[in-house]
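The form predicted alone is given below as one chain in structure tokens.
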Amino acid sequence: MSSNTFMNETGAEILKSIRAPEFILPTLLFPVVFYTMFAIVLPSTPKTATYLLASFGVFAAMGPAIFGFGVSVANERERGWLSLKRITPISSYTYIASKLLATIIVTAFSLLLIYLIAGLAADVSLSTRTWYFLLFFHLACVIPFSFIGLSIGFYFSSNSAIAIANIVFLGLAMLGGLWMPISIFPSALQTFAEFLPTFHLAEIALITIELKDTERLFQHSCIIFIMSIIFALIALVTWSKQRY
């Protein structure tokens, strides 16, 4: 993979996102607006705002990954752009890697806005080390969601991908406990939440900011690793049917 080719592809992906406000604005601002509403506008405490920082950071990583890969790949596939790339020197892995880096960069902007609001307006106080580690973890959350988005993009048509991406995005957020603790859910939904990546990622984030004990850190990490492998295999299967 040529570094110049990779960076050019990444730059093109970022430019494409900027030129598509219908994508960039919701994915960037939706988590920020929601965090502001739940942590500041509604009655809240610094502890609640800190809890929401952990979960909404996962939420901020999910949108660009699912929509950036799911809808974008489906559109490019139907328009024949992937077939066109087949005759260029750009490898398929460069195509995926550049999209991943562009998604991480977009996610970083959304996370930084949330972090600024949390620290300056919601009285969230964390050590410098914890802030950095939390940022690293939230950015890493892009990877499993990108596999989900890639599967949607390669399997569904562009119109269907938009609907499926919205269902997956909102379903994982609500049922995975990103907007509210699953402890207030009925027991059946609490059990179901444990099968969702959003729940385990939020739990790891909470452990990171020391709002929960660390006894289950290894368990949550192993579950996320296994889920990521499964999502990657599904993406690989759908990719192999469309591979250019």
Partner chain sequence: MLKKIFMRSLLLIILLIISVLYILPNKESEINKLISPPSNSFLIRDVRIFDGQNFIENTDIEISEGLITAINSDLSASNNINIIDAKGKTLIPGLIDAHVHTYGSALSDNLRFGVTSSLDMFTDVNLFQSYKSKRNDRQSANHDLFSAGMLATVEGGHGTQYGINIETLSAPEEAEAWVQRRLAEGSDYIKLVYMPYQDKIPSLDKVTAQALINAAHKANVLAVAHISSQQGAQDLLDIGIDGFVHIFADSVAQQDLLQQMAKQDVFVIPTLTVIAGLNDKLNSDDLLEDKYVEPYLNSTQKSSLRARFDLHSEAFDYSIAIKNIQLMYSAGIDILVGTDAPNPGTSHGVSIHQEMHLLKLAGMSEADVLSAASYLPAARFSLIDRGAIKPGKIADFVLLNSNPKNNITATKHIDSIYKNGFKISRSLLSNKTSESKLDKNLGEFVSDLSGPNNLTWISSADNIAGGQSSATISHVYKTTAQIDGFLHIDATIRKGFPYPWAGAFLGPTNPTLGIQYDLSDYTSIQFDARGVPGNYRVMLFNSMNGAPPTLEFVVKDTWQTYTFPFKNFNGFNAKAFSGLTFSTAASLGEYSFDLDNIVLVKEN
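All values derive from a computational prediction rather than experimental measurement. Numbering follows the first chain given and starts at 1.
Not on display, but discussed next: the form predicted together with its partner chain.
> Partner absent here, but in the predicted bound form, which of 140-148, 154-162, 168-176, 112-120 has residues with a heavy atom within 4.5 Å of its partner chain?
Of the options given, it is 112-120.
> Report whether the minimum heavy atom distance between Ser228 and its partner chain in the predicted bound form is within 4.5 Å.
Residue-level check for Ser228: no, no contact with its partner chain.
> So in the predicted bound form, does any heavy atom of Tyr132 sit within 4.5 Å of its partner chain?
Contact with its partner chain, yes.
> Using the partner position in the predicted bound form, report whether Ile234 sits within 4.5 Å of its partner chain, counting heavy atoms only.
Heavy-atom contact with its partner chain at 4.5 Å: absent for Ile234.
> How about Val124 - does it come within 4.5 Å of its partner chain in the predicted bound form, if we only consider non-hydrogen atoms?
Residue-level check for Val124: yes, a contact with its partner chain.
> Would you give me the residues of 163-182 that have any heavy atom within 4.5 Å of its partner chain in the predicted bound form, in order from first to last?
Residues within 4.5 Å: none.
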